[in-house]
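In structure tokens, one chain follows: the form predicted alone.
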Amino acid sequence: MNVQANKWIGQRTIRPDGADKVTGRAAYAADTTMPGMIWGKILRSPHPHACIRSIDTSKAEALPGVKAVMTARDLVDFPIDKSVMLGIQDMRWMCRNVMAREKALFAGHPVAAVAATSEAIASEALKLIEVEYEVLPWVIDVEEAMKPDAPILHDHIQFEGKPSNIAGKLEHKLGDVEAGFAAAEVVVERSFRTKPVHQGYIEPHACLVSVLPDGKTTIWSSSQGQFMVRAMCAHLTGLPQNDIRAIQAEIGGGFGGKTIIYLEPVALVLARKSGRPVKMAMTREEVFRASGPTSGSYSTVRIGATRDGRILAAKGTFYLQAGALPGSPIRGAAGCAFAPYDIPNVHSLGFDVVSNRSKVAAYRAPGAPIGAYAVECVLDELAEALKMDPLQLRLKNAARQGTKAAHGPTYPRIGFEETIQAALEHPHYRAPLGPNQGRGVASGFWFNAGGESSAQVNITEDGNVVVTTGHPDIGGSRASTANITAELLGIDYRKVSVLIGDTSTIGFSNLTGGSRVTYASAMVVTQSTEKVIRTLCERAAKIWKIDPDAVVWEDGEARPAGDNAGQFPPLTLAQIAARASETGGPIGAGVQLNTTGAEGGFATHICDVEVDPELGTVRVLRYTSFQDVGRAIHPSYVEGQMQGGVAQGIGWALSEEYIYDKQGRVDNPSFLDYRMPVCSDLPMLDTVIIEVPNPKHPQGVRGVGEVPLVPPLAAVANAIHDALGHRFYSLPMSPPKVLAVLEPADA
């Protein structure tokens, strides 16, 4: 769908951070150094579950070169029986995730830390710390954790009146689901399992923290939100937030995995104790053992329909692993699973289940791919039972304007039907397939978000523009901001520089995540730029000595509104800026908003695979994603988001998983053994951008980054079924699982 053309919005302008990244000039957290800097290292539990009886750090403290040692006693203790929410995180869990208190809850759980003059000395000091453990029974998998005789991680957590590893429940209801199933003529019910998978960011967690004698603290770190870093470090260390300046380094990937902290408060305590700047960086093994993957899951989905394909009822139950501390993304699983469809009777439940794994973190549309995997596979099987084209079944039941969703909203104008129609009409859907090849489809939804954002737009003395926002750029927000600002001002985008401010230079801005940044930052940047334009018109009016209302801004120039205003030659931005001191001083404006009006995003995907019957390998041959993005401010970045989500989803479907050994420890903590797809594993990932503008946004933005990861798990699974005639109900669909199906048939 075409929207009105603009000069810069919708153009593939040069990426402002591109040259720095490809030439190595971009500065990441691990590149940061300071005079007098020392190194921090963390001692981690070797046990998946153990009471900590004592910790003796005296020998480590006595080692020459050691400048500081810390344990959980050096952090603020949030009592475990009282919730203290900070944004989306509960501080009673965060204080125990950063450093174990009563118990070590997973293999890799931090129990102590040291800072020394070299990494080698710090590593040696860790060996001298003596920890007395009382090893406890442990449980890894979500289904095992829910059994009546499972080891209980937290005695105070109760479910249905007794201690349990089920830490929470979320429920959505719409209509009468039992009546809906009673009226259905065809019902399909299946259960599904997925393994935890890591976000796969290339840059490990790293930070540098400096604490001055007066307590003033500066933190350089890799995160998806410098304000989150400041707030959490303040809460965990007891410092006031105005004593902490958090500076956002360039980020080498996050995908949700850097929306919480691991190292920063530890480095802060060590720096405060030692009086020296402390640098810390995780090894890749530490990233896998101790940072958050997304949840593994066990789900059951039941869908009932009439013979002509009208879905009458749907029920989903989603059990998600939280890791050692509560907080799995049940909202995404339970809320998004049925969201693409107009179903009158829905019952969706999510259960948050703790087990002795590292605490989960967000991963791109957290929870939604798990829910969609189950629902979209059942829909494919339902289409087969009804002898319907799977896309036609989705089109017949597609949510549209006015549809009431089970998770709450009544949809405004949305573009889901357009994604299905585009897929039906695309040549990919009718292309011939060869032997052992199959085609699958799936759709998906993500809520998208707005939230708090700040921006400042300043005009330089020579008539260029500097825009500062408070959001780390992990998806192209600098390029989009430049395009929008240039469009509004009517100037070349190269005249706009975009900076990411730290916590001391820009107003509060929430995390980069949830597909919210281009949506939210565009709103505050637009309003800031509109204020600047009003100021520019006022300055031109002063120069011309006419009323400001008689001046308009067009194509980068101030002009008289009409002949009655007078005959004056236009004044360019540069000309007005040059006379700023004589017309009122510097020109700039800032806006801070809690943005609202974000609308959900929808996508439909087509996947072709080929299965090797001798090796059990599955190769994706062709993949096309169709997504309603609202408005593509920078199409190249939009395509990159779509392609990136698909690549990650293919890995989740076919090869990625955490594997645990008999001691309850991660057995594949490296990219050598944790099998992420690389370029040679993938075809060109085709994208079709569909633009149904969001009427609640000045540029029509909906948010892009989460939705592309939602359909691929099911699209790949459905394609494999089409190739083999066999359905897989657990991920990953790795060669051993495929061979287990094929070999009996060959025997």
Partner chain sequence: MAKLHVSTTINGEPTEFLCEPSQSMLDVLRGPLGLTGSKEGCGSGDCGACTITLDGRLVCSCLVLAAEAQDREIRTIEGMAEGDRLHPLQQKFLEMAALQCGICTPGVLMAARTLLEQNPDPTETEARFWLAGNLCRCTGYDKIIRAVLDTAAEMREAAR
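Please read all numbers here as calculations on a predicted model, not as lab measurements. Positions refer to the first chain, counted from 1.
Quick note: we don't show the form predicted in complex with its partner chain, though the next part is all about it.
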Inset, instruction - Name the single residue among 255, 220, 626, 318 that comes within 4.5 Å of its partner chain in the predicted complex, judging by heavy atoms. - result: 255
Legend entry - in the predicted complex, the residue from 34, 63, 690, 26 that sits within 4.5 Å of its partner chain by heavy atoms: 26
Legend entry - Which of 322 to 330, 135 to 143, 523 to 531, 193 to 201 lines the interface with its partner chain in the predicted complex (heavy atom within 4.5 Å): 193 to 201
Inset, instruction - Please check if residue 637 has a heavy atom lying within 4.5 Å of any heavy atom of its partner chain in the predicted complex. - result: yes
Inset, instruction - Although its partner chain is absent from this view, report whether residue 54 comes within 4.5 Å of it in the predicted complex, heavy atoms only. - result: no
Inset, instruction - Please check if residue 686 has a heavy atom lying within 4.5 Å of any heavy atom of its partner chain in the predicted complex. - result: yes
Legend entry - its partner chain contact at residue 474 in the predicted complex, heavy atom, 4.5 Å: yes
Inset, instruction - Note that its partner chain is not shown here; using its position in the predicted complex, name the residues of 613 to 649 with a heavy atom within 4.5 Å of it, in sequence order. - result: 636, 637, 639, 640, 641, 643, 644, 647, 648
